[in-house]
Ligand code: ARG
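Given next, in structure tokens, is a single chain: the form predicted on its own.
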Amino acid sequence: MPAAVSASTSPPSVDPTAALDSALRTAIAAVTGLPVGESDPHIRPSGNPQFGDFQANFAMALAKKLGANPRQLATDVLARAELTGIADKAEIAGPGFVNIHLASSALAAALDAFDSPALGITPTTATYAVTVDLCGVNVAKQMHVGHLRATIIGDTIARVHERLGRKVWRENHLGDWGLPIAMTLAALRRAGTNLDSLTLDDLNRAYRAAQMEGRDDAAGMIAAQATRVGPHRIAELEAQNTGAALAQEDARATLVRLQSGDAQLVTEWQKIIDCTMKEVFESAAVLGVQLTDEHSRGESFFRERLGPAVEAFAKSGLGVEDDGAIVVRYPDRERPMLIRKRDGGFLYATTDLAACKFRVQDLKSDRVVYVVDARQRDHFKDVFDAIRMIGWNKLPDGTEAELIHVPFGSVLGADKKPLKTRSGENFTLKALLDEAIERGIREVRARASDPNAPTAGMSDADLAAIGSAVGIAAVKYADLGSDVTRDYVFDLDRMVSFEGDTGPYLQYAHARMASILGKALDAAAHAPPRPTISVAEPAERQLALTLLRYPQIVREVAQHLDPSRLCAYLHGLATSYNGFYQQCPVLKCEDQALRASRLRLCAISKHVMKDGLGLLGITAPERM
């Protein structure tokens, strides 16, 4: 049953759904007597454009609640709804679905308002900051593919919150303190390594050597003695165990001196950190991730806060003694959380408690997001629950901070097992990025060999720059474009494709938008600075509706901490734009006003695509 709606030129919202929502909420409240806040019209984009632009699905659930007929309820609501200037047709289908066709004038006006540097995104007025725990490298070890996910997912979450106007603290929680670091430092000192020329390969070798030197075989000795093996084997085990004991003692002594502030050891320790972080920051720069020294706060930063943290739990009664250790017990699970060992040593959990408190109360964050692999689910559940039990999640005005773990899956090889090199070793992040960049450059150079390609004749350096951007986009989009909680298969052949649901496909879409605008540049000099937008054709309407969804998508990514929603949106935008480009002539359009309108649609599309890719940390080349 259609409802006639008169057209008007009254100014609409940048988001047409906001105007629809307000009008229908008011009508539902008037018909039912419910408060406006409980009168959600449940507006969704239409699944089929021929039935309308949006669908309101309030009638059936509300009618069941009120004991009314859903179709009649929908009819009564439409009769009361003031949709003038918003929709030119609204009709009821089936048992009570409401299909709504936006007025073309309203859609064009909304897009005109949307066409601004902000792209319809209103900055938040939030009082507090957002903290994002990302990267999380261990000193003296190379970054591996797991660090890829923690780094780029966290960076995107941070970028999206910043786009919404939030103050964001990026926190790279370094594993830079404790016995493993002391073991490595002691091994380097025993080997006489020159720390001024230290490389990460030197560090990796020292780390592995320290682990081997400190590994005894007490069980092997017991078994050897029980089975009365030959004296040579006994001698070997005695030598191994003696050497391990000496290495362990050297490491413990080094740790004590380091913790006491020995100036020479602290200087040497800092050189180990500097060597590790040099590659971390280089990899971050290659990835286009905002991560520098100012974002890195390691375990060492919290070392003076660990004792007071344990004391606070003990005084509150939440930390209880268990065989000389201090544990936190929970009412809903059997496993306790150990926060101080019997020998007085602290654990990762202790550091995370202190760090979480710091992030809420010192950094004044009402949202603390940890991007850490899925194997740490139980750990973060224990830490977060303990923080809530002791009240460290509360800000001075009583606001309770959200504590959120974003768990991510593994990067797999073609065999569906964790990604390894051909030799069976773990894939380092640097090796993975090098391979992706090499493949991207190869693809771009191959395309440039076509004399008709936009990149034909470009310098080798320019092609290499584009290829590097393509390779990194391929890796990042493949990672961010899927559900972050799931494992995914690393397949460069698919990732670097300029077709399909890939990062290079979106970059290519942006380059095509730039190309058409570049070709129209001379003529544009004689066009009005802000031509009137026309959305008469179905492909123009579809593109306009897609563009206007951008602010809501950005808000959803921030709310749900799900970058894949942005990836899906940008792929949908590229698809809508391609449909528009194929069905609506732009440069060849003889109507100058319509040509100017379509060029403006191209420009807005380019702006949104570049902005969205920027939130993913992906470069948007002008030529490809």
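Residue indices: 1-based, along the sequence shown. Being a predicted model, the structure only gives us computed values, none of them experimental.
The form predicted together with arginine (ARG) is left out here; the points below concern that form.
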query: 4.5 angstroms heavy atom contact with arginine (ARG) in the predicted complex for G136; finding: yes
query: Contact of Y550 with arginine (ARG) in the predicted complex (heavy atom, 4.5 Å); finding: no
query: Arginine (ARG) contact in the predicted complex: D352, any heavy atom under 4.5 Å; finding: yes
query: Heavy atom of Y477 within 4.5 Å of arginine (ARG) in the predicted complex; finding: no
query: Residue stretch of 70 to 78, 371 to 379, 461 to 469, 492 to 500 approaching arginine (ARG) in the predicted complex, non-hydrogen atom distance within 4.5 Å; finding: 371 to 379
query: Contact test, all of H147, H173 and Y348, partner arginine (ARG) in the predicted complex, heavy atom 4.5 Å; finding: yes
